[in-house]
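First, one chain by itself in structure tokens, the form predicted on its own.
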Amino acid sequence: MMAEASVLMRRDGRIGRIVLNRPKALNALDLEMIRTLRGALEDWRAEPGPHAVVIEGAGGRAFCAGGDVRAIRQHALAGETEPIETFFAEEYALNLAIAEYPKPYVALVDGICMGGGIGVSVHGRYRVATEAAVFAMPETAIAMLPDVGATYFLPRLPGYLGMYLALTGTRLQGGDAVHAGLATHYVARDRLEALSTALARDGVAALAGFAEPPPPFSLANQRSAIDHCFGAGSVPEILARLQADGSDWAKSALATLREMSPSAVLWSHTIVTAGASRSLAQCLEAELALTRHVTRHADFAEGVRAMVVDKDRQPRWQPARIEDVPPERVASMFA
């Protein structure tokens, strides 16, 4: 029997409908899926029929858990740089194509939405989140960087919330994602299927009839502390401010930073800071350049091993502490 396609596409009333269809892999993106998505967008761009594009994930557990970092790690261990370059270049080109798409692009986010999943949702005009949605950029835990245009959109979130999310990989539930600006609409999970049907019938006007106010922002009481601590000009100063704060939140954030790849925390801080003054296209170009260094770093293979392959969650970082990472080593990655 032929395997079912990993991306399902069809014209459905007023919309072009896309379903990410790798539920066993939490709809993680591989290169074939990226190319299929780009092709569908190009086809529907020229057609007068589809008034909008709607994308969702199959299986009920995830919208899209990210990119296929297992495969990237295997290429990195084998010294195969060309497929790594191809994957990221085409993924980032898709992100830019979504941001520049002339028709409304609607992401229905239910379940896990991380990394590459945010890349195929947040750049669209409308991002619908349910109470079961979970948004995160957890790249420092695998010694990557906040990519897929995250160095553009994270610095543009309120205050320094974006830097906090970038360095700690903190997860936001659907309502919190609306407050933060990663999502535009909050819709109850039990109404999502009806919304999806209504979008095909009525187009994006259907959103107004389904959206409801999100629950209160769970980080509201920490917003001033987040801005103070993560608005520091360097990672050592962030650590010092968290230490001085002494609250339970600050202690938790400090412990989380200490668990991440020390090198990744440093290069992520650098590139997210720079992204505040770059266009999306410039951010994606800078991210692509940095992936060439990052995927060759020992921490990347080790981070993916610990968090994705073996799942022992005991990475052995080199160096093991932020204080032991030579500043010139990080600076050389941006030369």
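One rule holds for the numbers: they count along the sequence shown, beginning at 1. Keep in mind it's a predicted model, so treat the numbers as computed, not measured.
Absent from the display: the form predicted together with ligand QUE. The rest refers to it.
Mapping the unseen interface onto this chain, residue 57 falls outside it, with no heavy atom inside 4.5 Å of ligand QUE in the predicted complex. Proximity of residue 28 to ligand QUE in the predicted complex: non-hydrogen atoms within 4.5 Å are present. Remark: residue 308 counts among the residues lining ligand QUE in the predicted complex, judged by a heavy atom distance of 4.5 Å or less. Although the partner is absent here, residue 275 sits far enough away that none of its heavy atoms falls within 4.5 Å of ligand QUE in the predicted complex.
Taken together, the three residues 68, 139 and 142 all come within 4.5 Å of ligand QUE in the predicted complex, as judged by their closest heavy atom. The stretch that touches ligand QUE in the predicted complex, counting heavy atoms within 4.5 Å, is 68-76, out of 226-234, 68-76, 196-204, 156-164.
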